[in-house]
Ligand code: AMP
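Just one chain is shown here, as structure tokens, and it is the form predicted alone.
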């Protein structure tokens, strides 16, 4: 997969690029909006208002189709969904099912009963009882979903689908399709922890180089970065325990769940960045690799089931990359665990 990472210097953060290259971005148009419970930013060379509005409309529709929190979504009310929305959702569900199988449930799109029980993003989250967790977990399992005659079915009527760990990547892919179909060759779409790019950044176009430079957040200090990867026509998707969590009795409970326990994953990782040409796959696998933990995650990457690269940050402040991106990951050697300790790059 080395060809994914041939792109030269250009920072994803536009202000940083302008200060480095002294270039202008006068031919790029920008759009920022809130959708799918996160902020979305679009930057596209030559895009007009109509193209940017089409992307915003598409994201709104994807949220209505795919959200576990919207009663009228396809996954919650399939019987009342229109044919086009249903078939679009079927495509994603089949992909989610395939990734669940490939990761042996480290990514599992059927954990809705568990995520609703914990309600990590709610106003007053708390640790459920073991009986509650066991009951919720009994109504989960990707093997309970089947597909036949253009429909999806569940063998458990209490099972609840939750696409929160894959839907943003899917939306990023579809948004980029809109741009490509409109003749746009250089663009970026940022959706939460996912950044999808094609072509080159504004600064690189001015400076005569190719690609985008995407920063990976330092999970110990999110105002800083661990380092950057240089990519073109690819996605960087990051999952981490630092993103959404609550603390009870001195213990942190984050939003990435282990499908075998019903609890937040007890991982030796604090963040995982996955680099892939497919944003949907990148989104799901960043969650799966986090749940697996470092050793199993690295083995999974090396198995070549999917064409991906990854950057791992462990809870004790070490950073590792897969071999196929070592030459393209530029570490921030000043990144810190705390005011007195620096992150170790392996």
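Residue numbers count along the first chain shown, from 1. Remember, predicted model here, so these are calculated numbers, not experimental data.
As for the form predicted in complex with this ligand, it is not shown, yet the points below apply to it.
A.B. asks: 141, 215, 164, 78: which sits within 4.5 Å of this ligand in the predicted complex by any heavy atom?
C.D. replies: Selected residue: 164.
A.B. asks: Only one of 291, 310, 281, 55 has a non-hydrogen atom within 4.5 angstroms of this ligand in the predicted complex; which is it?
C.D. replies: Contact with this ligand in the predicted complex is made by 291 alone.
A.B. asks: Since the chain is shown here on its own, which stretch among 148 to 156, 105 to 113, 132 to 140, 179 to 187 would lie within 4.5 Å of this ligand in the predicted complex, judged by heavy atoms?
C.D. replies: Within 4.5 Å of the partner lies stretch 105 to 113.
A.B. asks: Is residue 118 a contact residue for this ligand in the predicted complex, using a 4.5 Å heavy atom cut-off?
C.D. replies: It does not: once this ligand is placed as it appears in the predicted complex, residue 118 has no heavy atom within 4.5 Å of it.
A.B. asks: So in the predicted complex, is this ligand close enough to residue 170 to count as touching (4.5 Å, heavy atoms)?
C.D. replies: Residue 170: no contact with this ligand in the predicted complex.
A.B. asks: Would you classify residue 206 as touching this ligand in the predicted complex, given a 4.5 Å non-hydrogen atom cut-off?
C.D. replies: No, residue 206 stays farther than 4.5 Å from this ligand in the predicted complex.
A.B. asks: In the predicted complex, does residue 93 have a heavy atom within 4.5 Å of this ligand?
C.D. replies: Because no heavy atom of residue 93 falls inside 4.5 Å of this ligand in the predicted complex, the answer is no.
A.B. asks: In sequence order, which positions of 253 to 273 have a non-hydrogen atom within 4.5 Å of this ligand in the predicted complex?
C.D. replies: If the 4.5 Å heavy-atom criterion is applied to this ligand in the predicted complex, 253 to 273 yields 255, 256, 257.
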